[in-house]
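Below you will find one chain, with nothing else, as structure tokens; this is the form predicted on its own, and questions on how it binds or moves follow later.
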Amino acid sequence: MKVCIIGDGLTSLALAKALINKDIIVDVIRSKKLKKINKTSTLGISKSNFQFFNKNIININKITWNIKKIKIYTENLKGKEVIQFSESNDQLFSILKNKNLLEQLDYELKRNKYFNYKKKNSYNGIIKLKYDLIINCDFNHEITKKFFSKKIVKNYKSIAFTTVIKHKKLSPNNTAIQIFTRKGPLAFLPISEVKTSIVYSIKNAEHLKELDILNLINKFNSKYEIEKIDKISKFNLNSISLRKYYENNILAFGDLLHKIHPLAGQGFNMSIRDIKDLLKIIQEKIELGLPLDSNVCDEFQDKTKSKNYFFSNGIDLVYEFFNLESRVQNRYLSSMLKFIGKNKTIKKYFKKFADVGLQV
């Protein structure tokens, strides 16, 4: 069995490692467009996905930082905590740098006899090699333009600014903070006792300079004694839901299928859940002695498409609710937030939703 994965981002390499762990030959086609690694980008992995990643892909214990509490605030309630999620004996989720995970995956893959990087990038060139499955994770590849151009897109008219602050030692630094400001959601995500990642999504921010962003971060920072701030990176925000998941034996995957607002840190978690579902389908084919072909793609679409769509819309609904609450000073909305923060059943549901996604 031989699989081709187009694209060399985190999802591509994580999927490649999961497949070669099953002794499936994997070729990864590097992206034509060279990507500069953002040293300040971080991602969160939920508890259940963290356990799956360690067992089925690679062990990432050494490059992650565990979060045991999440505290949510809104600017309208003047710094008062409205919701808290906590896990006393274990992590709620784990934070790690994109760069560290990419490097570890790359290192492990290059050492494996079932893996190869390929440069042949054209559609015709890939088809001629007669792969059992072709999995496309590359937005810019001609296969995307040929088969996967129809999608539902929402432009948030926002820019996400990311950086890492170095601060005086804080022990334990295991509480993530999300503040819904009137300009957009701001997250403080610890990655060590002396470093914390920041993600600030700001609407209509084209005119803002780096000094403006730093001033806003300092305005809402009440916890960290900052010693140094890394260079700020930025990217435009939109959400994407692909209408069609596959064409013959070519399957779209990762952010190409679903891209969501980063406020809940669920983008990579959705991709890990997709890897989990795809591996289960592939394993069933192997055990039954069946080929890996378009039926794998069809089963994957049936299993995940509606689930991913509703999960993405759930995240968008959370964003729109907090966005409305932060812009409109309305006592009913604020009262609703306080009710959610005190209701154990609702908090338990949100906690499970963030950990394992939508269960159908």
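Heads up: residue numbers just count along the shown sequence, starting at 1. As the structure is a computational prediction, the values presented were derived from the model and not from experiment.
Missing here is the form predicted in complex with a small molecule; even so, the following discussion is about that form.
Would you point out which of 61-69, 313-321, 293-301, 40-48 contains residues with a non-hydrogen atom within 4.5 Å of the small molecule in the model of the complex? Stretch with heavy atoms near the partner: 40-48.
Does the small molecule get within 4.5 angstroms of any non-hydrogen atom of residue 268 in the model of the complex? Yes.
Test of understanding: in the model of the complex, would residue 137 fall inside 4.5 Å of the small molecule by heavy atoms? Although the small molecule is absent here, residue 137 would touch it in the model of the complex, with heavy atoms inside 4.5 Å.
Would residue 74 sit within 4.5 Å of the small molecule in the model of the complex, counting heavy atoms only? Output for residue 74 is no: heavy atoms all beyond 4.5 Å of the small molecule.
Please determine whether residue 282 contacts the small molecule in the model of the complex, using a 4.5 Å cut-off between heavy atoms. Contact with the small molecule, no.
Is the small molecule close enough to 21, 132 and 251 in the model of the complex that each of the three has a heavy atom within 4.5 Å of it? Checking in the model of the complex: none of 21, 132 and 251 is within 4.5 Å of the small molecule.
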